[in-house]
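Okay, so we've got a single protein chain in two different forms coming up as C-alpha cells, structure 1 first and structure 2 after it.
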Structure 1
C-alpha cells in the first residue's frame, strides 16, 4: 500500500539512536489503510496542535462491560480508515511471559481484524491492540477467547492485576508474585469484566521493595514481598566490594533511610530492628547481603497518577502479612478494602483520594486493622490518635 500522506513533523521523531513509533506505524501502513490514516491524522495533530480523537462511547462485546476502549476520529471524512479506532485489551499472563507461538497467534488475529499496531504493554499491564472497527469486535473476541485468551479490564472496574517476574528469574523475590497475580485475576473475574466500581481499582504485586512493577506509584492496592528475619551479612563479600572500589559508606551507609547500617572500614553491621526492608543495600550488594527468616507481604494502598487531585504514592497499611495458597486471606482482605471504597467514593474517585478526604480512621476500622507505627506516613501530620466519645467520658 502506497504512502498517502507527507509527514515532515513526524519524520523528525525518527531521527536519533532510539526506535521510533513513527517508523513502526509507517511499516504497518504499508499493509493497512487504518495505520496509514492514523499517520495522516497524527501529522495533522502535530501541525495544528489539536487532538482529533473522540474518546469513549459504549462499545464492547456480549457479556463484557470492559476490555474495549471506544475511540473515534472527529475527522472521519478526511481520514476514513480511522473513523473507528477502538482499543482492545488482552489480559496478559503473569510476569508477561509469552511463547513465540502465542505471540504469533495474537498478532495473526490482530492483522486479520485490526490496524496491525500493538502496544506491549500498556501501563495497566494488558497487551494493548490499537485500532479496529466496531463490527470487528465480536469476531476478534470469538477468535481470541476460543484460543484461551481473555479481555483485560477497563473503565470503572478492577483493572487487570499485574506483577513482576518474581521467582521466575529473580533470586530476591520474597513471594511467588506470579501465582498471587494469577489467583487474584481468577478471583476478581466478575469485577474485572463487569464495571460496577466508582472508578478504576488496580492491584500490582512486587516480589520485593525494589518494586519493578511500580506498584507503589500506580496501584490502589500494592502487594510487596518482604521478610521478618535479619539481613545476613557475608563479611568476606563486603571486603570484596570494598576492594573493587565501592564506597560503602557513601553508596550504602549514607543512603540507608533509617540509618541502621554502619561500616568501620572492615566490618558491616546492621541493626535489623531499625531496618525498614527497603532493599537498597541488598540490591547494591547482592553478593554480600541476603534477607532471611519468614517471608510474607506488606500491603500498601492508595497510589495513583493525577486525575481528580495530584498524584499519590502508596501508604503502608499492613507491614507484614503471611500469605500462602490459595490466598483466601489476601482475597478477603482486598475485598474489605474495595467494600469501604465502594461505599464512600464519589464517581471517579480513587481509593487514595477517599482516604485523604474521609480520614484513615474509618478505613482502618472497616478493614479491621489497628493503628500501627508503620502506618505513619508523615510524622506529626499523621498522629493516629483515634478518639471516640466514650473515651472522653473516662
Structure 2
C-alpha cells in the first residue's frame, strides 16, 4: 500500500537507537489500510496534543461480555480505516512462552482480520491485538478458539491471571506459579468472560518475594511463594563469591534487614529464626544460598492504582498456606474472598477499598482467617476499638 499521510512529527520518533513503534505502525501500514489511518490519526494527535478515540462501546462475541474492548475514532470521516478499531485480548499462556508455530498462526489470523498491530503484551498480561472492525469479531474468535486460543478478561470481571516464569527457569521459585496460574484461569473461565463483578479483579502469582509480576502493587489477590525452613549455605560457593570480588560483609551481611547473617571471612552463618525471607541474600548469592524445607504461599490482598481514592499495596492476610495440586484449597479460598467483595462493593470499588470501608475484621471473619501478628507492621495506635459479644465472653 502506498504511503497515505505525511507524518513529519512521528518521523522524528524513528530516529535514535531504541526500537520505534512508528516504524512498526508503518510496517503494518504496508498491508493494512487500518494501520495507515492509525498513523494518520496519531500524527494529528501529535499536532494538536489530544487523542481522538471515543469512550468504549459495548462490542463482543456471542455469549461473552468481555475480552474485546470497543474503540471508535471520533474522526471516522477523516480516518475511515480506524472508524472501528477494537482491541482483542487473547489469554496468554503461563509465563508468556510460545512455540513459533503457534505464534505464527496467531499473527496469520490477525493479518487476515485486523490491523496487523499488536501489543505483546498488554499490562494485564494478555496478548493484545490492536484494531479490528465489529463484523470481524465473530470470525476472529472462531478462528482463534478453534485452534485452542481463548479471549482474556475485560470490564468488571476477573482479569486474566498472570504469573512469573517460576519453576520454568528460575531457581528461586517456591511454588509452581505456571501451573497455579493455568489451573486458576481454567477454573474461573466464567468469571473472566461474563463480567458480573462491581469492578475489575486481578490475580497475580509470583514465585518469591522478588515479585516479578508486581503482584503486590497491582493485584486484588497477590499470591507469592515463600518457605518456612532454613536457608542452606554452600560454604564452597561462599568462598567463590569472596574470590570473585564480592564484598560479602558490605553487600550481604550489612544489607540483611534483620541482621541475621554473620561472616567471619571464610564461613557464613544465618540465624534462620530471625530471617524475614526478604530474598536479598539469596538473590545476590544465587550459587551459595537456597531456601529449604516447607514451601507454600503468602496471600496478600487489595492492591490497586490511585483511581478512585488513592493507591494501595496488598496487605498480608494469610502469611503461609501450603498448596498442592490440584490447588482446590487455594481456589476455594479465593472464591470466598471474591464472594465477600462482590456482596459488599459499590460499582467501581476494588477489594482494597471495600476492606477499608467495612473493616479488616469483617473481611477476615468472612473468609475464616484469624488475626495474626504477621498481618501488621505494628498494632493500631488508638484505643477505640470494636468489641463483639463473643469477644467479651472469652
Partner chain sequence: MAWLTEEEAKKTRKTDIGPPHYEQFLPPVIKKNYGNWKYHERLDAGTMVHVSNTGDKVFTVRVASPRILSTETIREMLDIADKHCDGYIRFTSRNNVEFMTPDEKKVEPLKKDLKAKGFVIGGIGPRLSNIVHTQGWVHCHGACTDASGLVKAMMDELFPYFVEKELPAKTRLALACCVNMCGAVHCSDLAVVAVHRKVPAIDHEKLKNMCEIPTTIASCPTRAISPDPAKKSVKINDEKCMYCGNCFTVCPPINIHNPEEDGVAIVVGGKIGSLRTGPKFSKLAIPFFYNEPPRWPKVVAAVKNIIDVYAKNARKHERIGEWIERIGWERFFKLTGIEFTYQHLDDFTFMRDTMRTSAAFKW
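Numbering follows the first chain given and starts at 1. A quick note: this is a predicted structure, and the numbers were derived from the prediction, not measured. Throughout, rigid core stands for the largest set of C-alpha atoms superposing within 1.5 Å between the two forms.
Only structure 1 is derived from the form predicted alone. For the candidates 194, 228, 336, 97, the hinge between rigid parts between the two structures coincides with 228. The interdomain rotation between the two structures, with the chain split into two rigid parts and fitted on C-alpha atoms, amounts to 12°.
Once the core is aligned between the two structures, the alpha carbon position of residue 258 differs by 3.2 Å; this is the C-alpha shift at that site. On core superposition, residue 267 has its C-alpha offset by 4.2 angstrom between the two structures.
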